[in-house]
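A single chain, nothing else alongside it, follows as structure tokens in the form predicted on its own.
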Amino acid sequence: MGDIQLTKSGPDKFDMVEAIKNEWIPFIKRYEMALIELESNFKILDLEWNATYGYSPIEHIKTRLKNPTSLIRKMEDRNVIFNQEEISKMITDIAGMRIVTGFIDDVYMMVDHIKQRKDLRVVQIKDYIENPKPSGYRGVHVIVESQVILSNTVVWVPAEIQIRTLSMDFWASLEHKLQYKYKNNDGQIPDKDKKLLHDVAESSFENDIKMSKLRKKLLASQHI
């Protein structure tokens, strides 16, 4: 199937969903392989840190592969043509992994670790802790290329690693559900409620800062 400009509706869109499901299996499978590799590597890391230091910054890990409908929606938003090379270059979050930590310092510890890994190439870092989104969302997004070793070659697959604290993750998960509910009703969250969401995010972040300060104080008192 050649390059196709997306339309908002009509048979082309249906055909593209079917193509991704059926004709693009090798292309999509590489992203699935990258997720398996990423999840396995960071679970091993979690085990190692717990065994060696008795502590790991990783609270939990979650992965997701963007489904064909979501992928096409993003192609529409970014005006990306229906071409595998173009999609791979322009849409970097087909494969996504979320790492949730306990403390803000642990978020940056994970970022530093990712920078040092030989099986990952860091493409871009988006720091939404230092520069939160207008909604109040915080976290660090690291766009990487993940090494996948196949039977006869090595490929580097784009992926997005989101790193945030438990508090940031809790807020983001509920905010996403609220946004989804309003989208289903063809509406927008009222401005006063957006303000409330933002205020909750700020309050949550203040608690993150307090917990980080308390942690440093307790560690210092133990001379660690």
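Residue numbers here begin at 1 and follow the sequence given. If you're wondering where the values come from, they're calculated on a predicted model, not measured in any experiment.
Just so it is clear, the following notes concern the form predicted together with a small molecule, a form of the same protein that is not shown.
- Taking the partner from elsewhere, residue 93 is found to have a heavy atom lying within 4.5 Å of the small molecule in the predicted bound form.
- At the 4.5 Å threshold, heavy atoms of residue 160 reach the small molecule in the predicted bound form.
- Taking non-hydrogen atoms only, residue 172 approaches the small molecule to within 4.5 angstroms in the predicted bound form.
- Taking the partner from elsewhere, residue 117 is found to have every heavy atom lying beyond 4.5 Å of the small molecule in the predicted bound form.
- Among 195, 64, 43, 29, the residue placing a heavy atom within 4.5 Å of the small molecule in the predicted bound form is 64.
- The stretch in contact with the small molecule in the predicted bound form, judged by heavy atoms within 4.5 Å, is 135-143, chosen from 81-89, 135-143, 106-114, 148-156.
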